[in-house]
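A single chain comes next, written as C-alpha cells; it is the form predicted on its own.
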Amino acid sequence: MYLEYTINYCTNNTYESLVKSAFWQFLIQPETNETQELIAVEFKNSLNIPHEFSINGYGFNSIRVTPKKAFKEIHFYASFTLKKKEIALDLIESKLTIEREMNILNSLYFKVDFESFLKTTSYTQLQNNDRNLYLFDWSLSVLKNLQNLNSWVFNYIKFKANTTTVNSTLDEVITIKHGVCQDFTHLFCAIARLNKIPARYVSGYLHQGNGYFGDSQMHAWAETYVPSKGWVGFDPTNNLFTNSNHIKVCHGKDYKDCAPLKGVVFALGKNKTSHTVQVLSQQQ
C-alpha cells in the first residue's frame, strides 16, 4: 500500500523599486528514494522566465531562475506528484552489543566516513554551559538513546510559530524554550553529534492531516546513523520516527545547506515575500 501526494508550492515576491538583476535557487523538489517516487514536476513563474534544473553539492535537485528583464513583482508556482510507501519501522534492537556499538562510533574509519555529519556548525553550536543539557545513558543502545533524545527535545522546546527566525542560534532557542521545526532539529542534531552519532538535517514536506506540528512552508527533521541499521529518521517536533507523512527533499549539515530558497536580488527599497504550501494525500 502507498499514498499518492500532490504538493503545491507558491511564493510571491513584491519589490518597492525596480529589480534589474536577480538569481534564485529553489531546493523544493522531492527526491526519489527507496520510500518515495517522484512522478511529475511542474514549475513556472508569472513572468514566464525560463528555468533550469541542476544538482547541488549533496546531489539533490535544485531549480534555478535568472531573469533577463526588470520587474517589480514575481510569483513562483510549483507542483509535485509522488508516491510514498508506508514504512514498516524496524524498532527491533540491534544484535550488536552496546560495547560493539561504542567501538564502531569511536573507530577512526567511522569518524572519517561520517565526518560531515559529526561536525559542529554555527546552527548546531552548543555553549559550554549547555553541553550537559542532556546526557546519554550508555547502558542503553544507540537507538534507545536517540528515541529518548527525540522525546526530550519534544518536551524541552514548545512549538510556537514566529518566535525564532532562520538566523536564530541554539543559545537563543535554549533560552526561550520555544521554536519551530528547524530549532527542534538543530538541537537534536547538536546533542547527537556531541555523543559521536552522525546526524543530518533533513528538509521536506509534512502531511499534517494527523495533527502534527510543522512549518507553514517546509518541515525539518533529523536522520541519524545507527550502527547495523543505517540512517534512521527522527522528528523531534512531533516526537516521531519519520514515516509516510514525511516527504524528503534533501539533507545537509544544517538549515543553511537545505534552505528552500536562496537568491540575490539587486534592488533598492523594501521587499515582501510570502509562501504557501499545500500537501494533499490520497490512499492508493
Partner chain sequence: MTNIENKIFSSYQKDAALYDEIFDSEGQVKEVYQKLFSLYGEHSIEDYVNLNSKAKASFFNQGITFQVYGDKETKEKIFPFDLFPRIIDPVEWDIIEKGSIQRSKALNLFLWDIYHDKNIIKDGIVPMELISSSDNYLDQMKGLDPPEGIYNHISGIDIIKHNDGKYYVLEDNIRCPSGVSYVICNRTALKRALFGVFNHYQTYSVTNYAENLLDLLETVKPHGVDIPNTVVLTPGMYNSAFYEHSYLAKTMGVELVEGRDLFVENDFVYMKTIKGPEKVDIIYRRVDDQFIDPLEFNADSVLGVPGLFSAYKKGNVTLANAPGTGVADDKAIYTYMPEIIKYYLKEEPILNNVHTYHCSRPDELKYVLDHVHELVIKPVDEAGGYGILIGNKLSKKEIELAKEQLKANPRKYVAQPIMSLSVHPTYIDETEEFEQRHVDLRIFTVLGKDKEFVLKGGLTRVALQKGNLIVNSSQGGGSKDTWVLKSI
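All of these numbers come straight from a predicted model, not from anything done at the bench. Numbering follows the first chain given and starts at 1.
Absent from the display: the form predicted together with the partner chain. The rest refers to it.
Visitor: Note which of 137, 115, 99, 86 lies within 4.5 Å of the partner chain in the predicted bound form, where distance is taken over heavy atoms; exactly one does.
Guide: Result of the distance check: 115.
Visitor: Have a look at 35, 45, 239, 56 for me and say which one sits with a heavy atom within 4.5 Å of the partner chain in the predicted bound form.
Guide: Only one option qualifies, and that one is 56.
Visitor: State yes only if every one of 108, 262 and 266 has a non-hydrogen atom within 4.5 Å of the partner chain in the predicted bound form; otherwise state no.
Guide: Yes, the whole candidate spot contacts the partner chain.
Visitor: Might residue 119 be said to contact the partner chain in the predicted bound form, defining contact as any heavy atom within 4.5 Å?
Guide: So residue 119 counts as contacting the partner chain.
Visitor: Does residue 64 reach the partner chain in the predicted bound form if we count a contact as any heavy atom within 4.5 Å?
Guide: Contact check for residue 64: yes, within 4.5 Å of the partner chain in the predicted bound form.
Visitor: Using a 4.5 Å heavy atom cut-off, state whether residue 248 contacts the partner chain in the predicted bound form.
Guide: No, no contact at 4.5 Å.
Visitor: In the predicted bound form, does residue 69 come within 4.5 Å of the partner chain, counting heavy atoms only?
Guide: Residue 69: no, not in contact with the partner chain in the predicted bound form.
Visitor: Only one of these stretches, 217-225, 48-56, 35-43, 240-248, has heavy atoms within 4.5 Å of the partner chain in the predicted bound form; which one is it?
Guide: Partner-contacting stretch among the options: 48-56.
Visitor: Though the partner is not shown here, which residues of 23-44 have a heavy atom within 4.5 Å of the partner chain in the predicted bound form?
Guide: In sequence order, 23, 25 come within 4.5 Å of the partner.
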